[in-house]
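Here you get one chain, nothing else, as structure tokens; it is the form predicted alone.
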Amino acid sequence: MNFSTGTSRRRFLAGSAAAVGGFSLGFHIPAGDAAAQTPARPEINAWVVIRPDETVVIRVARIDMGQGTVTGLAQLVAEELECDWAKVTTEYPTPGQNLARNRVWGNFQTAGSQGIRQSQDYVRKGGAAARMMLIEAAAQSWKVPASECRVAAGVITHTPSGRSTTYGKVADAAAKLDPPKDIVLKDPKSWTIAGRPLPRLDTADKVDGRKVFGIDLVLPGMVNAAIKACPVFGGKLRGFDPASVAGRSGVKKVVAVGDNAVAVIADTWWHAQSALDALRIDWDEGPNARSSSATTAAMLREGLTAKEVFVGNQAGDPDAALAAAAKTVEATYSVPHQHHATMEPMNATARWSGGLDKVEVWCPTQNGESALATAAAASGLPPQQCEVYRIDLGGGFGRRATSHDYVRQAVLIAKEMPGVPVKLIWSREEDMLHGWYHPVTMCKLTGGLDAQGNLTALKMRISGQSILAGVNPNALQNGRDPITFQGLNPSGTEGRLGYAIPNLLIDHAMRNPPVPPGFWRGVNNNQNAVYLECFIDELAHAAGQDPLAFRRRMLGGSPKHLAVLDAVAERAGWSKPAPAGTFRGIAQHMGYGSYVAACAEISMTSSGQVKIHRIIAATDCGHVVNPQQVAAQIEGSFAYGLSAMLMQEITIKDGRVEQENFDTYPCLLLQDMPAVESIIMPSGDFWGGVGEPTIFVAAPAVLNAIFAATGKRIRDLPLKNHDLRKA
């Protein structure tokens, strides 16, 4: 089936720390804790609570940042539960509760387009198990076999006698039953709740303002904090002069935070920030004060010819094949550092209860367990004495998964004000200067064509930053960063190269400048798709072939790659000439388990301004839980990816970021957003992600269209740095 589209305040689960007999999905539930013996009734299992008024509470451990994950997971649970969707609400268990229940809810992280695809199996089993227990409770009350009972919309009926009851009436009895051992999930072809474009559960709360984001949180007796860290990466705090802000309105305290930052605590955030701006601070900028974008570029250029590299994909003998080629093509591309630029800057609220040896944190996060671990480390307390309450996020894009530096700072500041909630908010400038940035890379590509225009060899040297080296060095594989090769892998389900190229070498010269790297929406797939798909276009042009036909010849062994490519070409009318003054570009890629392609249609003004009129995007993500949410994610990914391609770059001068706000780091405006036509074509035999994949093909599709329009190859982003007047 193809889908085609055109252009309450969060309740926290106090009192439900653990439950004996809860459906544990393979996790052992310890029974020594007093709280573990007093489950919240009527909890059917960890995922489902049925209240006497028939309200169905579905617990969701993943995070919703606007992508619809909570609604999608609730649909999957409700589908197996066979409840009344109109009675569904959701709750978010805390990571402290997850720890107390031996991680019964599993992974709390929402990143890498994993929210649904990596939890769908066990949440569906949670819903199915609850349904079986509810039916069994009804059957026992009637003294009939459960096999004689059926359920629809939360009403259980004994088929032979016609007797019926509701989930709410049998929930307490069901909660006392042992969970079933054999659980059979429904065939997605029979779905009635999942698979439908149901409205999101959080829309009304966002529209009427009931949603509370981290920056909005107010607690009784709360004070506010503003912070500045050394603007040079790796620099330290040498000292500061509290007397320079003594007597300023509302100021309560000026404190050092770690070894590289200083914060002002005041009655309001504005008083805190104003005092911080007036505070005399002495920084030790360290050796990185001499670093710049120019020194980074030189480092990367050296890596393009380095001998010591990590290999990601290889086949045949590319050197021999290139030497024998009838024609060779060579090009070097680059992508700069880029910022997450979340609408809501980093923030967290913390309360240190010194006498009770307890820390509580309220924060926007993409991984509650990581935030809990950070709070524990900053406080010096065991995780069991800490708790994190997730507050809604004003944007994540990977920033609130890569690091919880803002949580660490909030806890350290709160320790200076025992018993008092302290809300830390970074200024926009602080947020821009202290991100975890999309890695900077260069890529040199060399291709060889035979006399018939077939691609016989490809060498692809990536020189640049490793995210894992900066974020999690323990995950490196003998020094190699495997995620550098996203979308270029020889096999696997995450990001396989679809093209059949007989002689191939893709390698990585790791070069790490002092700018901290992070997981930025789409991660390394973004630049890898630009490098490969734009160079494939160059090769097609050199071979004198149509870019679509050139690709199709190499995708015969990759039917899913080919299917999405064909879908966008057909919708765009690729086989027919584009309207006068309109030019097309095409691209395909595979990442996070999904297959994506795009065709962009653009025009150019005489002054070299590009207008992107339409982007057609095809996605095969295997299964679709909510097609409307998938379409929304596709549209949002193009807004994000095109912003980066057109105008966004982080540059470094004297060891610090030059862009401090949206005036120098702009985003795509509504008036410049193209019409997006989404073709959702799930093939049904796997689970892929949807939050990130289509961002991969945004830039290469447009860049290839620009070449068709101007004859110019843009190999260095962003576009704003180039003269696009026709060659």
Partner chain sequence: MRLTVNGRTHDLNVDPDTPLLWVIREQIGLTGTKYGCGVAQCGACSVHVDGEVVRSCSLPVSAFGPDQKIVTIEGLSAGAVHPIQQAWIALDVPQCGYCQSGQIMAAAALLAKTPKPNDEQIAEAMQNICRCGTYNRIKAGIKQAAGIAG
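Note that the structure is a prediction, hence the values are computed from the model and not measured. Positions refer to the first chain, counted from 1.
Beyond the structure shown, there is the form predicted together with its partner chain, which is absent from this document and is the topic of what follows.
- In terms of contact with its partner chain in the predicted bound form, the residue from 191, 213, 310, 122 that brings a heavy atom within 4.5 Å is 213.
- Contact with its partner chain in the predicted bound form, judged by any heavy atom within 4.5 Å, is made by just one of 429, 566, 405, 494: 429.
- Picking from 390-398, 594-602, 580-588, 374-382 the stretch near its partner chain in the predicted bound form, with a 4.5 Å limit on heavy atoms, gives 390-398.
- No residue in the set 296, 302 and 486 has a non-hydrogen atom no more than 4.5 Å from its partner chain in the predicted bound form.
- Interface residue remark: residue 285 is not counted as part of the site for its partner chain in the predicted bound form, having no heavy atom within 4.5 Å.
- For residue 463, no non-hydrogen atom is located within 4.5 Å of its partner chain in the predicted bound form, even though that partner is not displayed.
- In the predicted bound form, at least one heavy atom of residue 663 sits within 4.5 Å of its partner chain.
- Remark: residue 339 counts among the residues lining its partner chain in the predicted bound form, judged by a heavy atom distance of 4.5 Å or less.
- In the predicted bound form, its partner chain lies within 4.5 angstroms of at least one heavy atom of each of the following residues of 260-297: 268, 269, 270, in sequence order.
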